[in-house]
Ligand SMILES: Nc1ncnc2c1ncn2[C@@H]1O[C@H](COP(=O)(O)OP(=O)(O)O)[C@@H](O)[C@H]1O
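Coming up is one lone chain in structure tokens, specifically the form predicted on its own.
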């Protein structure tokens, strides 16, 4: 799925907020630029022009945008579908015309058409795939899943793959992979104006599997709320450099995590088959839906799942309203040894959990691949009763 870059041209903050939400929450991952041209010199893919006021000024803006970004899709938004205004906007260079407020389905269909034209353009780079991993609670195994999935993606696909450690202060991706980075995510977002291919190569660390790492910072207060816009731009820039982008987003939904969720092709919610994880997962799913970050992209992953399950899988699926996408077995000894040695599971030899990561990753590479059904667990009446009491 292509990640596009959008630009909103308006002096009305309410217009910017409403259209920004529509751009970010559609079926196509799309970041919203803070300035007229992207920092890497590339023009935006979608430009939404506020034509509700002075028509002459709006037409001049559309003409200027068309001259600046010849390949962009330009959407004009006016108060009424006046035939003369529609004709003027099309002559000025607009591709689509909407009345305020734009109907969401019609607006999103226009984005789909634009993304389709972009993907089929001659010589265009295949779109990057962005995978976001976030935990139902701390210690659920989010980083373990993200790191091992990243290693397997790089190994199996032989395509450029980067993992971004988004957690402030306590990011552990580089530690899990046994590397010592010189630079971090903060160096990237503080130097977006220089972030070309050569500079990015200096910031990342390359693991022997082929996976590249943009390490987490030592700052406990960064990335913070003030960095959300820069992160959104960073993810867009990474999409021009890599085929796969993995983001370890931790277990808190904040402005930085939201920036990641809006760019995601798939979001993997990592939990354990216990009451705290299921309770938190339901609340996180509710928040994702409130944000409009396309809840259908969420995949539920149960980590440390072994029979007898504290809560049966079918009970978890019923509570969450989502099927379980994958279940990883509980193997503390193997996982702990891999983490302590800094060697990912895929490179430590044969084990059941390593085979699970192989299958999990192949499903990402080929969404039509068949996955063995989730094994039925033994019922635990106490777990079911306690779970039911929370809703």
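On a predicted model such as this, the values are computed, not experimentally measured, just so you know. Positions refer to the first chain, counted from 1.
Keep in mind the form predicted in complex with the named molecule is missing from the figure; the text below concerns it.
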| item | value |
| --- | --- |
| Interface stretch in the predicted bound form with the named molecule - options 273 to 281, 297 to 305, 256 to 264, 209 to 217, non-hydrogen atom within 4.5 Å | 297 to 305 |
| The unique member of 140, 154, 166, 188 whose heavy atoms fall within 4.5 Å of the named molecule in the predicted bound form | 140 |
| Contact residue in the predicted bound form, chosen from 59, 335, 324, 354 - any heavy atom within 4.5 Å of the named molecule | 335 |
| Site test, 26, 77 and 98 vs the named molecule in the predicted bound form, non-hydrogen atom cutoff 4.5 Å | no |
| The named molecule contact in the predicted bound form: residue 50, any heavy atom under 4.5 Å | no |
| Partner contact for residue 144 in the predicted bound form: the named molecule, 4.5 angstroms, heavy atom | yes |
| Interface membership of residue 348, the named molecule in the predicted bound form, 4.5 Å heavy atom rule | no |
| Heavy atom of residue 68 within 4.5 Å of the named molecule in the predicted bound form | no |
